[in-house]
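The chain that follows stands alone, in the form predicted on its own, written as structure tokens.
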Amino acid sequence: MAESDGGRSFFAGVDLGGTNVRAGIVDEAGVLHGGIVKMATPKDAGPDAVMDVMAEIIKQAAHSVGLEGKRLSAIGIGSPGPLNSETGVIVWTPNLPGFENYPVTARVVEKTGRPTFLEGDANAACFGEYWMGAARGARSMVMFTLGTGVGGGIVLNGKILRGPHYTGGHVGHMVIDPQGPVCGCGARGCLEQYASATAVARRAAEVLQKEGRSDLNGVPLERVASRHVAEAAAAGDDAMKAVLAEAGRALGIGFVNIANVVDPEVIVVGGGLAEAGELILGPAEAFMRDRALFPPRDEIRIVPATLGDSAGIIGAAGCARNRYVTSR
């Protein structure tokens, strides 16, 4: 095991995205040291170029907190998928051309010399909130991330639920209406078609058009985003309140399913749309309290995520920490 200051071990957490690659250094207690280093993802240059960038920002992150790369115990990478976290291979991902069956961890080990572990980006963020964020101290939790889609993850007794095909935790693809709109996954009526930022913006534009409004507080219909909807609702726009309440009830259906099937201690909600607060979470929680089985309906805590953009980095480092310890 690599030495570290005061006997502590340090782990690099990496968030591999289609726009940026981001990295930070986390100690064995989950504390993020220094800032987050990021560089643009050179995705058009191919996967090997992306690995070069990843190795460089890990080096920079370690240097920024007084560590040389050789003193890192291990590296954790959170990546979009599908992927195989055991083999460290990205099977395919639409935002990273050329990554079909690409051996990410093997390449990073070649470049850094440190043990490296791969995790799904949603699972990494979920584990970050479990370990050091909104669900800290709980034994089980489920995370819903309301962004472009609806991502998420599940932690049971301290372990991420991955499943034998590494697709566990896809809460956004619960089917809540089999006759609903077609989802990007090919199914109909997935939760993310109702409770994502994209879905809210689309629904708001439909409502505004039906009402004969050409804009939302000066924003043209084609440019309306979920934040504009939340701002208008907070300012008293009843139609936009109704749009968020509708999304909230759909999210509440997801909460009911999770409560009845998983029975977690905590449901954590993050992502840009979650910033609408009670305008969306209020209806979601009310629906769950009314429809879920007893006692989960009364005892599950529903809380906002607290780690923001650092969740994936802390979680990737935490996953690496756990897998490094058990692999020794």
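The numbering used is simple: start at 1 and walk along the sequence shown. Predicted model only: the values in this text are computed from it and were never measured.
Heads up, the form predicted together with another copy of the chain isn't pictured, but that's what we're talking about next.
Not displayed here, another copy of the chain is kept clear of Met240 by more than 4.5 Å at the level of heavy atoms in the predicted bound form.
Contact annotation for Pro296: at least one heavy atom lies within 4.5 Å of another copy of the chain in the predicted bound form.
Shown alone here, Arg291 lies within 4.5 Å of another copy of the chain in the predicted bound form, counting heavy atoms only.
Another copy of the chain is not drawn, but in the predicted bound form it has no heavy atom within 4.5 Å of Tyr102. Just one listed stretch, out of 166 to 174, 123 to 131, 231 to 239, 208 to 216, contacts another copy of the chain in the predicted bound form at the 4.5 Å heavy atom level, and that stretch is 166 to 174.
Think of it this way: in the predicted bound form, another copy of the chain has a heavy atom of just one of Ala245, Ala106, Leu221, Cys185 within 4.5 Å, and the residue is Cys185. Scanning Ile154, Val200, Ile90, Ala135 against another copy of the chain in the predicted bound form with a 4.5 Å heavy atom cut-off leaves one residue, Ile154. Contact check for Pro178, Val262 and Phe287: all three have a heavy atom within 4.5 Å of another copy of the chain in the predicted bound form. In the predicted bound form, the residues of 114 to 142 lying within 4.5 Å of another copy of the chain by at least one heavy atom are, in order, Arg139, Ser140.
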